[in-house]
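The chain below stands alone and is given in structure tokens; this is the form predicted alone.
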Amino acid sequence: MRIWDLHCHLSGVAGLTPEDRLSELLRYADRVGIERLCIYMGMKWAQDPTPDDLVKQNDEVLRALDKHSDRAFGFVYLSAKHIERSLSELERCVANGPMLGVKLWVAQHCNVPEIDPIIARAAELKAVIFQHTWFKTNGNYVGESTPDDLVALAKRFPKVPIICGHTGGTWELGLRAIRDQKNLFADLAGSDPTWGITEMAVRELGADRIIYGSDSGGRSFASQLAKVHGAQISEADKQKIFCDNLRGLMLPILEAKGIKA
């Protein structure tokens, strides 16, 4: 099967430079048959980055991509707390650079109206939009979004596909939270490789709205691949989850940039 990994980081990986760390990730990806990696955020990150830190993080990803453009796709790291700089980074890294997507993390809840210019411009550029979400049993970080927050955002942009990062961590709740919002996709990355997550996702959303990701280097490729390889679903649905759904979301911007994949 073709496998594209939606969710990879340069943190938690051996290497002194961004290039070294992506090389290390690819070394392990080759062992388990992963063709492409999507990477975002640099080698060390804060939960509430300054505008200058956003630039630094994106610069590190750009360095890694420059060496491995044939194997990796980059997503620009943005924050709704810093709209002007985020829109500038979106232009630099996506409109005028090699990146293909947007990564939003925990600095600001994604349901705030301040985020709308980021989503609107990303949609114009055909960039893939990824928002971290979590339902934490012991309470979320101050600005950390839940799947419910993401549903509120997605309702304002019903024609824009958005990926629900981690499917809310507590995936039984996350899957049901996003089920009726048809422009939301579920990212399988990051949670423990518990039996049944992929089967439930297929039941609740349909296989066309589920995307494999690992959250490497925070998680191993093998444990996250097992969620799909071991699922009691059809081989055709596994192929959708492993590559076809993500590739379908990325095709508009790949074609716009003249990238064959």
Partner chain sequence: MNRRHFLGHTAAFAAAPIVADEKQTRVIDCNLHLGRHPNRDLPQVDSAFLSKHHIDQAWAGSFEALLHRDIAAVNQRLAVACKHQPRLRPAGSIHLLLPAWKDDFNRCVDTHGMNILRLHPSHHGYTLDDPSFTQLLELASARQVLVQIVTQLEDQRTQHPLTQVAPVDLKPLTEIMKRVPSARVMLLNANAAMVTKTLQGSTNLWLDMAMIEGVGGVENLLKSWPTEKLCFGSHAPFFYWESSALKLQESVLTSEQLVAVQQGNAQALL
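Numbering follows the first chain given and starts at 1. Please read all numbers here as calculations on a predicted model, not as lab measurements.
The next section is about a form of this same protein that is not shown, the form predicted together with the partner chain.
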Q. Which of these residues, Gln47, Ser234, Thr50, Ser220, gets a heavy atom within 4.5 Å of the partner chain in the model of the complex?
A. Ser220
**Q.** the partner chain: the contacting residue among Trp171, Phe73, Phe185, Tyr77 in the model of the complex [heavy atom, 4.5 Å]
**A.** Trp171
Q: Go through 58 to 66, 24 to 32, 203 to 211, 38 to 46 and give me the stretch that gets within 4.5 Å of the partner chain in the model of the complex, heavy atoms only.
A: 24 to 32
Q) Closest heavy atom of Asn138 to the partner chain in the model of the complex, within 4.5 Å or not? A) yes
Q) With the partner left out of view, is Arg2 within 4.5 angstroms of the partner chain in the model of the complex by any non-hydrogen atom? A) yes
(Q) Is Phe157 part of the interface with the partner chain in the model of the complex - any heavy atom within 4.5 Å? (A) no
Q) Would Gly190 count as a contact of the partner chain in the model of the complex, using a 4.5 angstroms cut-off between non-hydrogen atoms? A) yes
(Q) At 4.5 Å by heavy atoms, is each residue in Ile197, Ser216 and Leu225 next to the partner chain in the model of the complex? (A) yes
